[in-house]
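First comes one chain, alone, set out as structure tokens in the form predicted on its own.
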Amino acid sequence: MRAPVGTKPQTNRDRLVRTRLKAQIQPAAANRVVGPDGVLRTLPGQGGVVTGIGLGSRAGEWRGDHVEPGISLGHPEPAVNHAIRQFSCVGNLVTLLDGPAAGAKGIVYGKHGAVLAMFEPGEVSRMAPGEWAAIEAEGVGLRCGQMPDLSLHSCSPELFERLGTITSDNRLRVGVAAILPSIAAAAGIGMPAAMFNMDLHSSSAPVAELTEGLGFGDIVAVLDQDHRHARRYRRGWSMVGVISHGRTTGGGHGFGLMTLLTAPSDQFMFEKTDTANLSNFIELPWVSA
């Protein structure tokens, strides 16, 4: 008999607070971006309702700037918007409340300036900016009993318990689509890890080659990054995140990577795999229904 590959993480999920949030689909942005060639371009940007792109779609193929597939959620009241960005976690259930697609269920898959949610493609095509959705927010305060030095951000309990296993020497074995050096870290360094993502230098060598083929929802590790609080370079630490938005032509920006985990590097065991995508770690409501 083969030895088990690891044990399930022990968490405090039974003591987490679940909060129902009401968020609104944000309008689309027309981004004016100056590329490395000095040419000003106006491209489809973040926000709005983006159809025809889903989890697993290649993040670098689209003629846009910070494109966010599915719907982008926020709130016109700053205090409420802050709570939505702080409490929403990747893997949380989202239900559309009004409009032609009312009742459709999806998931939070990332953050940028807004909280990003994905639904079944046919349902996304029936949604519009201004419509409202409910987010079953749960995950803030999540901890792993076997790994006290592991910090979790924007990660639902369901996702964490399926994302990796604990080895016999108390390391977290995680399958990832790519393992990137610290030079990949771009815009987002210094910002709160629980509310915004970190861009990757995905348009410049050598990171461009290392990130070629990455898709929305892919799980990615970056070395020498400490994301416990504000993101910073720290030798001997690593972070794990999820690709949440597409590339940009502007310098210092690229694929958006939303932080999920961070810990000393020797507490991780990264294994590269072509199945490291959110769609393989969580139950998609439109598939399991």
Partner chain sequence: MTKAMDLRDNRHELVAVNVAGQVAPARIHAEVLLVDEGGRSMLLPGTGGVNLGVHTGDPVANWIADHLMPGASIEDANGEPAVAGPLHLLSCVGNGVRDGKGRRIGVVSGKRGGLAPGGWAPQLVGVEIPDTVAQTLCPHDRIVVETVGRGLRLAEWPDVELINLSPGMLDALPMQVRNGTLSCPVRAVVPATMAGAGLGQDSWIGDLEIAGDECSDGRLDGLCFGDLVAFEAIDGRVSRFYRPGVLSIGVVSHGPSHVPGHGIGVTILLSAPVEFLSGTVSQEGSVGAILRQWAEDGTAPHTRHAGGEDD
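Everything quoted here is computed from the prediction, not taken from an experiment. Residue numbers count along the first chain shown, from 1.
We do not show the form predicted together with the partner chain, though everything after this point is about it.
Heavy atoms within 4.5 Å of the partner chain in the predicted complex map, among the stretches 128-136, 180-188, 167-175, 143-151, onto 180-188 alone. With the partner omitted here, the residue from G56, P264, G35, P27 that has a non-hydrogen atom within 4.5 angstroms of the partner chain in the predicted complex is G35. Although the partner chain is omitted here, in the predicted complex all of R85, S204 and R235 have a heavy atom within 4.5 Å of it. Residue contact check for R231: one or more of its heavy atoms lie within 4.5 Å of the partner chain in the predicted complex. Under a 4.5 angstroms non-hydrogen atom cutoff, the partner chain in the predicted complex has M195 among its neighbouring residues.
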